[in-house]
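Only one chain comes next, encoded as structure tokens, the form predicted alone.
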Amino acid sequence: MELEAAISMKESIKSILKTEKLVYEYKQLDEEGNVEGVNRAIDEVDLDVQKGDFVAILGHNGSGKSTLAKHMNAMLFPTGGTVWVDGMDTGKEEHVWEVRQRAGMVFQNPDNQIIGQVVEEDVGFGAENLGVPTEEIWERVEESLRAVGMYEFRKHSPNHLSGGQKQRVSIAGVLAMHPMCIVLDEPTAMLDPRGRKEVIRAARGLNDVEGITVILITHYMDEIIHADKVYVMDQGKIAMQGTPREIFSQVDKLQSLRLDLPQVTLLAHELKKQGLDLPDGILTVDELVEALGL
């Protein structure tokens, strides 16, 4: 048993984030505070995220994806199994501070993360709390705001920004802390379509240009197209995993999991059922046009 644990630990060091048979249960209490049941929100989940990956975790409301996200920077601790971040077991108290430095979190509502009166002050807040020297903080603020396309707004009040802009400022604040990995927990859930595009474009830029590992938690299928790997959750378990094309090729299964597919994928699926010779897993309008020879 000790040998198996040592091997798992060694393997986990190769990964930015790894979970092994992760279980999370919470107790259901009656009005008097007595336990009347136990609900398993995460049920033996195995993940392996490598440095530089863009990983999407998909699922309908209640599938367990946000509960899983909170394990990635030790906001929640496993009931069973193990989570490693950069080789550190998140269940060990002495690792919690370092884990939270390695894996930064961005949540649904940017207003809950923005506390500064000026954009650049807000972005520097986390780095300041880490004890980063003042001169370096301002260097980090500039590079982080440039990375998310918000440098020109550095002197603005966050209150005057759109939802998408606020969320990009939130991402910059996490980025300024120099994490190895950024976990985006449904970052576009409260945004309009334009804001959603801004945030996903910023996340892709961090991954493509800066080499930051990105883990995107979402229920929007069109946000996962450019991911390296996709996990689909249902009832606390991993129901599907693969590349976006492999996932999008299984239209009937995705629909059974109550997920809304992009219109172009559904159209291609219906055309194929009508006898047209089309490949599985059409992801974009351009791909469909090319496949139709138009």
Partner chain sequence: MIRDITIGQYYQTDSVIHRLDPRVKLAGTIIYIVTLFLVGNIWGYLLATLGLAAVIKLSKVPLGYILRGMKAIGFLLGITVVFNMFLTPGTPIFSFWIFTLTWEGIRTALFMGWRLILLIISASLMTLTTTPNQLTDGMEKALKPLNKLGVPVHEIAMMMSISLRFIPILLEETDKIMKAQIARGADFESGNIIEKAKAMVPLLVPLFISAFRRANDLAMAMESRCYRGGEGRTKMKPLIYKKADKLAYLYLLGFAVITVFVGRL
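Positions refer to the first chain, counted from 1. The shown structure was predicted, so the numbers you read here are calculated from the model rather than taken from an experiment.
Absent from the display: the form predicted together with the partner chain. The rest refers to it.
Q: Decide if the three candidate residues I215, I217 and D234 all line the partner chain in the model of the complex, where lining means a heavy atom within 4.5 Å.
A: No, the whole trio is out of contact, none within 4.5 Å by any heavy atom.
Q: Going by heavy atom distances of 4.5 angstroms or less, which of C181, L206, I114, I200 would be at the interface with the partner chain in the model of the complex?
A: Of the listed residues, the single hit is I114.
Q: Test of understanding: in the model of the complex, would F153 fall inside 4.5 Å of the partner chain by heavy atoms?
A: Because no heavy atom of F153 falls inside 4.5 Å of the partner chain in the model of the complex, the answer is no.
Q: Mark V141 yes when one of its heavy atoms lies within 4.5 Å of a heavy atom of the partner chain in the model of the complex, and no otherwise.
A: Yes, contact at 4.5 Å.
Q: Is the gap between P158 and the partner chain in the model of the complex 4.5 Å or less for some heavy atom pair?
A: Flag for P158 set to yes.
Q: Looking at the partner-bound form in the model of the complex, is K70 within 4.5 Å of the partner chain by any heavy atom?
A: Close contact exists here: in the model of the complex, K70 approaches the partner chain to within 4.5 Å, heavy atoms only.
Q: Suppose contact means any heavy atom within 4.5 Å; which members of 93 to 129 contact the partner chain in the model of the complex?
A: In sequence order, W97, R100, Q101, M105, F107, N109, D111, N112, Q113, I114, I115, G116, Q117, E120, E121, D122, V123, G124, F125, G126, A127, E128, N129 come within 4.5 Å of the partner.
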